[in-house]
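Laid out below as structure tokens are two forms of one and the same protein chain, each shown alone and named structure 1 and structure 2.
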Structure 1
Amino acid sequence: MQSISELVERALAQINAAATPAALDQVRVQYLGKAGELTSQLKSLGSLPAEERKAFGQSVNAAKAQLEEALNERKSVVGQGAKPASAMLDVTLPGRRRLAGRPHPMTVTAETMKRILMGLGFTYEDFPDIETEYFNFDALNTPPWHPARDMHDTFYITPTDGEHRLQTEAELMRTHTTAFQGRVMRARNGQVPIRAMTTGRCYRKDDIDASHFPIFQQLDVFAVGTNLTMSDLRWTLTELAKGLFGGEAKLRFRPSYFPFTTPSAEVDVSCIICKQKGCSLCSRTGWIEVLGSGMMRPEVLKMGGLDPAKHQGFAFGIGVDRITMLRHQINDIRHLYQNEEAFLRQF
């Protein structure tokens, strides 16, 4: 005769192996049905000596309870999907939802740059869109009548009635975020090191076309210390480029001119699209112009309350619109301000 425990063990194995409710039902009949193996054990009860009957009966009942529980448990697993056809769940119907929201691609570009630069020790702050002539030009070594003022076609604010302001206090829309340099240095009151950055809208009287918009966004950065060099500038820009364009990005420095830096360098990044094999984005040169940079002019440091004999610094400014267009190969700047949903959802 089989022992009860062996029988239970075998039954449990079969229960666990049953993959469908029908198979499970078969196992139930096999063991617990009228003629089931466990049920028939009870039939042999009468043949046992009276003193063993009670214990045997108890063990059979315990085994029965154990198998029933196992069957129910298993049933809850294999039972799903076995509902009648009328209540069947069509899992392929679309989920009820809102499409995901997204930040504007320019925000993503600016935040990416900010994050990288914060990692390099720069501190972010906002500055006004409406600037004074002094911070936008004079404090950046661009006095009135300096020919470099021609490079920026400036929007001026209509003066308020009866208000007479000094020329340097005249209000204008900042033509570059570089205007923040003087404000930061003044607030720091001669203290170094300074590692500062800002981003925001800039305004120039440009006619609108595929690559010009009278309003654009810049991100400006500068650092002043006792010993900062052009090679630090290059290192900082290399780290930034790697974070923005990937580890393989290479930089090229070209001499250039800004009234507030000397030496000045225009910076090109190796074309991310063609890997420098030549494509239309880079005009087949393998390089793309991305930003302007340089060592801060002694005049700028001096006007900021620092001592050019002791302090050296570097600065750079990046067009956020341009970098965004590059990162996503957007061919028309107007897309950035049209906010067509089909555009916004691409990024």
Structure 2
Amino acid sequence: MQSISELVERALAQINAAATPAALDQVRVQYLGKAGELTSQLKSLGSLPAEERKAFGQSVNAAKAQLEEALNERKSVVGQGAKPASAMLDVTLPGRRRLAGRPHPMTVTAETMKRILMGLGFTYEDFPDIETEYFNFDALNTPPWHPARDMHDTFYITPTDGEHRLQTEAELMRTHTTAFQGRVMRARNGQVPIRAMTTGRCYRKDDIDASHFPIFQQLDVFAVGTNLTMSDLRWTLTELAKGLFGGEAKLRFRPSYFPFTTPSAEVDVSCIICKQKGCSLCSRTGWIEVLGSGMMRPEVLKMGGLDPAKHQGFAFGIGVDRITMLRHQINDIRHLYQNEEAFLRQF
């Protein structure tokens, strides 16, 4: 017992004298390490009479706890005193400049499209990313058997049993901003003309590669009135293309199919890099596909509360990511979402 008391006194003196973390660690190893002096005391426990072992073991454990507490206290003091002299403020040094923030290139592209369309009389309306299955599919004439409704394509929020949804009115992460059309038409209570647009994030279960990402941004536009034709759609898209790519931009319409428009058309823009001479970006064709469009189906107008016998409408959807990549010649969509500082500094 006396040797333990002397050992503790000696260790405490060395702990208080330690001026650096390294010196303090040496004291710890000397007394509490695997071959330390206090640890060695426990090894002699077996040589003591049985009636003395309990008291001796308790004394060693108490000494160990006392030294550990002293080491921790001294460690905090030594750590505070080890601050480098450079921590002092030198007011003669030049200040540390912080880089100014800039809008993301996709934000700039979306705002440019919105500004062009507002100049053509369209109003902007915003909607949440979470949508009901009705407005995302049913109100857009998407049949129940359509593969876009399957769980391997769409992020459903509604609980499932593994294969089937447990609620009839399912909620999901919208797969396209086109879902806003039914909400806008119902909110207008049959009043026309309507010229509306929205933009935002959409979600689909795509494999990630240079041209696909589970999240993408889309701009959707539609107009409803009387005597609207494909000529009105073409004029609107031409003005939008010229505002985005310059006055020399040309458009080409190709027949296509969408559940919510008829007739439908894929729209190509003349290559902004080679000026239709042929390059790798346009696959030597001179044209680049940019959006889908068409005249609104009667079923869509009817589900929006409008009379298809009196009203006509056109609609189109365009990927903000796609247009951003074209305008800035970005070859990988992942750059737009990975938030790499080196990439964003270019803008």
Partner chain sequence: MIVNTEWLLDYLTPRCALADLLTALPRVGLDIEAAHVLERELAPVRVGFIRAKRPLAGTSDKFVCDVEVAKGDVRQIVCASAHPIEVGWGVPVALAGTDLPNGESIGEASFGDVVSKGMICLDGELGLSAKGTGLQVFKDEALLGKSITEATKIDEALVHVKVYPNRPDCLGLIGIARELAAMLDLKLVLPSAPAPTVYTKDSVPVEIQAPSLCTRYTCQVVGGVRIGKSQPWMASRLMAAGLRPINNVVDITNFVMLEWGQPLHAFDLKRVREKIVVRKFAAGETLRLLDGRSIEQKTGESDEYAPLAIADAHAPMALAGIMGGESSGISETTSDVLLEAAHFEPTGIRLSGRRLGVSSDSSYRFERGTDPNESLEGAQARAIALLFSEAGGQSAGPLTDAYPSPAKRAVFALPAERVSSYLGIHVTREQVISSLTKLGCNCSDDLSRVDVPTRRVDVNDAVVLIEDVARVLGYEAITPAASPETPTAGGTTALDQARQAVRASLTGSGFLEIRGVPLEPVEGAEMFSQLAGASITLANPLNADLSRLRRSLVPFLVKTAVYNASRRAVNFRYFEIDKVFSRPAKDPEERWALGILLGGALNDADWSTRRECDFFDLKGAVESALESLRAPKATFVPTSLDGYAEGTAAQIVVNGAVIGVLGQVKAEMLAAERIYQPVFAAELFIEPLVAGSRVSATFVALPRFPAVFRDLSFLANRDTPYAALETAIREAAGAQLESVDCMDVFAGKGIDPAKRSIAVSMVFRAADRTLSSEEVNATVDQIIERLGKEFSAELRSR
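By convention here, residues take numbers in order along the sequence of structure 1, the first being 1. Keep in mind that this is a model prediction, so the values were computed, not measured. Heads up, when I say rigid core I mean the largest set of C-alphas that superpose within 1.5 Å between the two forms.
- Where the criterion is the form predicted on its own, structure 2 meets it and its counterpart does not.
- With a cut-off of 2 Å and the rigid core superposed, R149 has a Cα displacement that reaches or exceeds the cut-off between structures 1 and 2.
- Fitting the two forms on the rigid core leaves the C-alpha of E68 displaced by at least 2 angstroms between structures 1 and 2.
- Core-superposed comparison between structures 1 and 2: CA of G57 displaced by 2 Å or more.
- Its Cα shifted by 2.5 Å between structures 1 and 2, G101 is reported here after superposition on the rigid core.
- Superposed on the core, the two forms differ at A17, whose C-alpha moves 77.8 Å between structures 1 and 2.
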